[in-house]
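Form predicted on its own, single chain, as structure tokens, below.
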Amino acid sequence: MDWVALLRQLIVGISSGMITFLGAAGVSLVVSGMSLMNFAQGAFMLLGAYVCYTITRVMGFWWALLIAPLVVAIVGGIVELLMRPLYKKNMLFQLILTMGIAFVMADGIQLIWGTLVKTVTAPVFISRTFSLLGTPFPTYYVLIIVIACLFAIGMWLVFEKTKLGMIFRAIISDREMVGSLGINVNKLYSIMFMVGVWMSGLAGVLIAPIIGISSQKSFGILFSIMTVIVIGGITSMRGVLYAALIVGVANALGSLYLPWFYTLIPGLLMVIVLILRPEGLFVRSED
């Protein structure tokens, strides 16, 4: 067995999983806090990648890492205003609306940036390689893992150790009670939705230097996100993280050992979980 190739694919899989986690965590946050299903999350992630492309050409990648997710969050705030009339409606209406928004965003992206594939170049020092057991390996994948881990830790600290996090947890448990205390729930909903799509914007920036950016990829991205939240449990942020790592590593190892089959692995895992444990593998009563 080629242990170097195995270790390399594990790192690739973890980095891929962490990018998917960022997008899926946004869906989990919005569903948990707002009971709102956002089918446009893949389009927001794609928008982040395209905004990154534009900013990188003018100001550089690091500015894009800061600004692009904020631009996506602002667009998300506008979308949230359009969705408010559906907060208490059946989730089917939410799915239809957000799917329509995803189509509009994909067409808008195509109108602004065209149909040609765009590429983003990461800064030179993170585009280099480091030696992994004598084999060169891209530094950028390690950067993705570090940034996503820092984000996950930051989210945990905000939700568990701050007053804002306490209010968010209270909304998830009993939004009517929180509203009766004089807290502006609609404002907090806007913040929650914008944070959710900000995560997708960040994921879009991180993935931009790895893949060619195309306006046709939003629903492929959405499928990856939905696969992870189905496997992990749509209301469990912890479960989404575990599922993203499982799917990322399974894809990476599958491409190495089962190249003829690995593209079916995520869908197969999702089907098995839906049959055996439809609430998700990692959902517990307290999630």
Partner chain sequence: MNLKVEDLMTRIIIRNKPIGFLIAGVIIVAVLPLIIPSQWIQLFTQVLIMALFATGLNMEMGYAGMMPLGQATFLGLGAYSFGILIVKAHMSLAPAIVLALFICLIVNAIIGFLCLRGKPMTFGLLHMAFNILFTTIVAKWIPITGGDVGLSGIPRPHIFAGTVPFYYMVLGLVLICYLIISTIMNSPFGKIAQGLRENEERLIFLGINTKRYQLILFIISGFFAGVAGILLAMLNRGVFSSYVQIILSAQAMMMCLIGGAYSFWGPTLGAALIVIFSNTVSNYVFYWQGILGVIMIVTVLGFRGGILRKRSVKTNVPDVSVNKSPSGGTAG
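On a predicted model such as this, the values are computed, not experimentally measured, just so you know. Numbering follows the first chain given and starts at 1.
Below, we refer to the form predicted together with its partner chain, which is not included among the displayed structures.
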Given a 4.5 Å cut-off on heavy atoms, tell me which of 104 to 112, 192 to 200, 138 to 146, 155 to 163 is the interface stretch with its partner chain in the predicted bound form.
104 to 112
Report whether the minimum heavy atom distance between Ile14 and its partner chain in the predicted bound form is within 4.5 Å.
no
Can any non-hydrogen atom of Val185 be found within 4.5 angstroms of its partner chain in the predicted bound form?
no
Taking the shortest heavy atom distance, is Ile96 within 4.5 Å of its partner chain in the predicted bound form?
yes
Find out whether any non-hydrogen atom of Ile167 is located within 4.5 angstroms of its partner chain in the predicted bound form, and reply yes or no.
no
Flag this candidate site as yes only if Phe39, Leu86 and Phe223 all have a heavy atom within 4.5 Å of its partner chain in the predicted bound form; otherwise mark no.
yes
Considering non-hydrogen atoms and a 4.5 Å limit, which listed residue (Val117, Ile211, Ile74, Met91) is close to its partner chain in the predicted bound form?
Met91
Listed residue (Leu65, Leu256, Ala250, Val31) with a non-hydrogen atom within 4.5 angstroms of its partner chain in the predicted bound form
Val31
Neighbours of its partner chain in the predicted bound form among 68 to 83 [non-hydrogen atom within 4.5 angstroms]:
Leu82
